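Take a look at this single chain, the form predicted alone, given in structure tokens.
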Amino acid sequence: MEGAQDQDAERIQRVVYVSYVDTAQDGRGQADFVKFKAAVERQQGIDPTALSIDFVEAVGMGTAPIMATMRAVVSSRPSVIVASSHVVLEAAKALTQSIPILFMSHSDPIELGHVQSIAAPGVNRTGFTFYAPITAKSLELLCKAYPSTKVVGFVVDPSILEQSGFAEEIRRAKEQLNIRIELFVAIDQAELARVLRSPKAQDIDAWYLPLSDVLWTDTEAAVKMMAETRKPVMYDRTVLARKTGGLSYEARVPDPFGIWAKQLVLILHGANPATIPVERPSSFELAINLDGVSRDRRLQPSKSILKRADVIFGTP
């Protein structure tokens, strides 16, 4: 009986989904895991009795918690590690080259050395990325929505500043749109509050906030502060436009959990991750929220941009 149980254990392929959060109260990792597992279970060609999908979460600030958690995961020799964020991917990459890694990335995976190319990763890693160079286009749409805009406040974190191509996008946007762009660095709500109180902020006609640390740490607080400026705001996530009454231009990855699940099935069936293309945005969505516009004429977007919008929330 014991020998049969050992054979069954060897037959089961074990997948470990690794999440990283600052506090135990943050339930986003568990919620995303549930979506991922459900997507896997919907795939054809999967024998649920031969597959184990485990959830592991590292909790705490800094790299120590995720590195300790990842060491334990790697030592257990799973069939695949699912890295649910950049931090998890960096830890997994540092500790193993032999275990396949399925990742999600908001930054350019080529620039960061996670893969050699999108079409052919060339390493034991693949997955999907939300990254797309849309900064210049987002600023163009913001200026078309508010033609009187001359000065745009751009709130970033240090990692955005370091991205290759960022400076070129900013330069191109300045030249094409004939605007001034003021860069502000903030990584949390305290720093964002200081930015908005600064003398330079008083000259800003409209704001652009791509996804960054300041939005990750406390989304609700950040969008509330931006709404209180009573100036136009452009985000790069539709959900933020819906929440706060601004605009957004988002690079879309349709059904990311379904993509992950399909890639996982390929790996479990023996495909080399180095040959599985990284999936990336295939469509772009302009969203506008009209709530509150009637109370402040400065927030009324142009008619031309309303005609271009893919999604409109609220009523003027």
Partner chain sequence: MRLSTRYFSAFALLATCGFVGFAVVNAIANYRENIEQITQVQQAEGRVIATRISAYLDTIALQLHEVDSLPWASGLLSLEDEREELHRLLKLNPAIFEIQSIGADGRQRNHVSRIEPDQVDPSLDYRERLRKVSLPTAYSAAYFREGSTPFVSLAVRESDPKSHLLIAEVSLRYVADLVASANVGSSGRAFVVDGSDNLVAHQNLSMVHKKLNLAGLTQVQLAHAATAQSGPISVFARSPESDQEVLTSAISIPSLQWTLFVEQPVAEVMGPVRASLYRTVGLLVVLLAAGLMVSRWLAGRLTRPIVALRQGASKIGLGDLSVRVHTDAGDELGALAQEFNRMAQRLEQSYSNLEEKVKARTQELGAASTQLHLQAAELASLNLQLGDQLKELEKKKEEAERANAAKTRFLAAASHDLRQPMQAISLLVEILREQISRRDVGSLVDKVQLSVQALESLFVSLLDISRLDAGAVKPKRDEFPIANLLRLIEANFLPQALAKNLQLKVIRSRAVVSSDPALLERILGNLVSNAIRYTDRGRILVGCRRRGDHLDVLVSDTGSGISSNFHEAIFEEFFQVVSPARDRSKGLGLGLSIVKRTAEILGHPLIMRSEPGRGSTFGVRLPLVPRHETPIAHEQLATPDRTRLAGTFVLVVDDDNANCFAIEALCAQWGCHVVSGSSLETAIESLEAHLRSPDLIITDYRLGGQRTGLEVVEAIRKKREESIPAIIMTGDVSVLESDIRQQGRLVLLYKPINADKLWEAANVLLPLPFDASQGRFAKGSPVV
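All of these numbers come straight from a predicted model, not from anything done at the bench. Positions refer to the first chain, counted from 1.
Quick note: we don't show the form predicted together with its partner chain, though the next part is all about it.
A.B. asks: Considering its partner chain in the model of the complex, find the one stretch among 33 to 41, 62 to 70, 272 to 280, 47 to 55 with heavy atoms no farther than 4.5 Å from it.
C.D. replies: Of the stretches listed, the one contacting the partner is 272 to 280.
A.B. asks: Its partner chain isn't shown here, but in the model of the complex which of A119, V151, V239, A94 has a heavy atom within 4.5 Å of it?
C.D. replies: Filtering the options by heavy-atom distance leaves A119.
A.B. asks: Work out which of V74, I134, L211, I179 lies within 4.5 Å of its partner chain in the model of the complex, going by heavy atoms.
C.D. replies: Only one listed residue qualifies here, and that residue is I134.
A.B. asks: Spell it out for me: taking its partner chain in the model of the complex, does every residue among S98, A193 and W216 have a heavy atom no farther than 4.5 Å from it?
C.D. replies: No: none of S98, A193 and W216 comes within 4.5 Å of its partner chain in the model of the complex.
A.B. asks: Given that the partner is absent here, does Y249 sit within 4.5 Å of its partner chain in the model of the complex, heavy atoms only?
C.D. replies: Yes, Y249 is a contact residue.
A.B. asks: Counting only non-hydrogen atoms and a 4.5 angstroms cut-off, does H86 reach its partner chain in the model of the complex?
C.D. replies: Output for H86 is no: heavy atoms all beyond 4.5 Å of its partner chain.
A.B. asks: Is K307 close enough to its partner chain in the model of the complex to count, meaning some heavy atom within 4.5 Å?
C.D. replies: Close contact exists here: in the model of the complex, K307 approaches its partner chain to within 4.5 Å, heavy atoms only.
A.B. asks: With the partner left out of view, is D188 within 4.5 angstroms of its partner chain in the model of the complex by any non-hydrogen atom?
C.D. replies: D188: no contact with its partner chain in the model of the complex.
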